[in-house]
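The chain below stands alone and is given in structure tokens; this is the form predicted on its own.
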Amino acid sequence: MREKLLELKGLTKAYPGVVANSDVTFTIGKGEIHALLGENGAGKSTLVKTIYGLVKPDTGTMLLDGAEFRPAEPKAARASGIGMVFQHFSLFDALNVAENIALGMENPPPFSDLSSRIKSVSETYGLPLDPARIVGDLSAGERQRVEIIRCLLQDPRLLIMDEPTSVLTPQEVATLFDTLRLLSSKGTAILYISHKLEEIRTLCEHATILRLGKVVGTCDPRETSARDMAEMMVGSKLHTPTNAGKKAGEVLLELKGLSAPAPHRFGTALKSISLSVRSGEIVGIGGVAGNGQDELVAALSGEMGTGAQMIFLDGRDIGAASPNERRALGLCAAPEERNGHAAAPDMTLTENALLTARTRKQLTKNGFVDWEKAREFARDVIAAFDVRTPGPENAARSLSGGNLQKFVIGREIMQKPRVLVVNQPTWGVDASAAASIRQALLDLAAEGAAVVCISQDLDELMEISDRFAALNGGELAAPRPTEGLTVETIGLMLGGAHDMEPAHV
């Protein structure tokens, strides 16, 4: 038994229409790597925000090293030894590593001293980082190192990590796990939130499961299967997507030498991408974050201009068409960044439904919005994709990340597009919701749509894709049938060695 570090006793937090946490009680030991599991909307985010001083509980207490702990703000939590690495990085691209880290410190030392400390800590924990590098030039994995080092410089007793591997390569995940194990061996406790249950089984020694705001179970992940943990989270049997009834037909989307300059200094140029996608087909595109995924989605959706004779829908050149014109023709898209790009945070779900479905769902007439029809469409999306929210008049920002993701993906799928382009469709959603989204994509293809699924989740792409292509530095390899592909071959493709087989390396 580990010595207690943090005790949560009867924590309850309610918001209008929903109880986010209800009588949550559990303990985290010193040096323990403890998983916090639960489906989207289970209350995980509210709970860790309470520990970090961003949320004040209605009732209940916390004890840190046996003393009452009730941080009024994150500054107080950090002073008590609580560090947190959020799922969404809070970094400034135009500043260097040391400047970004200084911004997150209460009393940063002189830059020369800070740079020395960054180098020392990064080397100690196997996270090499150059303090002078501009953050905009860093990979997603390197950016996460900045966030982690910023926490480690403050000698945390508890480090909270929210979906830390969602944008990392397998090699970067292995490095992160080595770092977390080293921290654990030195007495730092880790509270680890992830929907990647095999990672939980590899890393964590204890798990607490939340459902609808309540603790519904605990387990040792090392002795519990991923499926069993997923079923504890949802309280029912887990659905496995079935890939049946799909048949490739005519070419619906064709790219011919699609090229475009990087939209900004830290973007990626697209370089002569050619691809054909047929009705009834899902083409999976994999790649490490920052290799042109966002730019490809923007070019296909019409957000980013391209030249003529590069993008064809049903044989028609749509290079000059606006996003709304493309939607009217049947091309819908869902970008990776859900809060602020795919959805307007301060708008209601009804208003967000209207933003992209206005044309295909005929939500306006003679220049006027049919609000009841828009609300009904939003309600349909909420019901079909099990979006946990009191109703369609709630603001997008009130939803958990996973529930907003379900709403965004559902909004596009339920418009019945002829072509759907989606980036990271199951990012940050629980196992049950991920299975439902994947099944919806398979069903859409079975109904005759062409689907382009861009994802960093290779298991996802292998599960639903008919063909797979790797995106590297803005270049797309020739697609290959997914059946028969090995992890080794995919790894080579992601690294740019598109024509190589593992046996030849």
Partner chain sequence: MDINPILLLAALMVASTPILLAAIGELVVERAGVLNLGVEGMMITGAVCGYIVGHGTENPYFGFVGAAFAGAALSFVFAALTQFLLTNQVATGLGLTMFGLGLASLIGQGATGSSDLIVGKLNLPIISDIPVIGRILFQHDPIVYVSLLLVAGTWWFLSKSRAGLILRAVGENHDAAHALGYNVRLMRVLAILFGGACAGLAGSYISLVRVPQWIDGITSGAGWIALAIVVFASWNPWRLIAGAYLFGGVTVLQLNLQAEGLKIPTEYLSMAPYLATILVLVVIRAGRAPGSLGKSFHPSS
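Between two forms, the rigid core is defined as the largest C-alpha subset superposing within 1.5 Å. Positions refer to the first chain, counted from 1. None of the values given here were measured: they were computed from a predicted structure.
Beyond the structure shown, there is the form predicted together with the partner chain, which is absent from this document and is the topic of what follows.
- Using a 4.5 Å cutoff between non-hydrogen atoms, L95 counts as a contact of the partner chain in the predicted complex.
- By the criterion of a heavy atom within 4.5 Å, L153 is excluded from the residues contacting the partner chain in the predicted complex.
- In the predicted complex, no heavy atom of Q171 sits within 4.5 Å of the partner chain.
- None of the heavy atoms of E123 is located within 4.5 Å of the partner chain in the predicted complex.
- Checked against the partner chain in the predicted complex, the residues P74, G319, G391, G267 give one hit for a heavy atom within 4.5 Å, which is P74.
- Only one of the listed residues (L182, A140, M105, M232) places a non-hydrogen atom within 4.5 angstroms of the partner chain in the predicted complex, and that residue is M105.
- Stretch-level contact analysis of 31-39, 47-55, 452-460, 467-475 against the partner chain in the predicted complex, using heavy atoms and a 4.5 Å limit, identifies 47-55.
- Relative to the superposed rigid core, R278 undergoes a CA displacement smaller than 2 Å between the shown form and the other one.
- In a rigid-core overlay of the protein, R326 has its C-alpha displaced by under 2 Å between the shown form and the other one.
- Relative to the superposed core, G474 undergoes a Cα shift smaller than 2 Å between the shown form and the other one.
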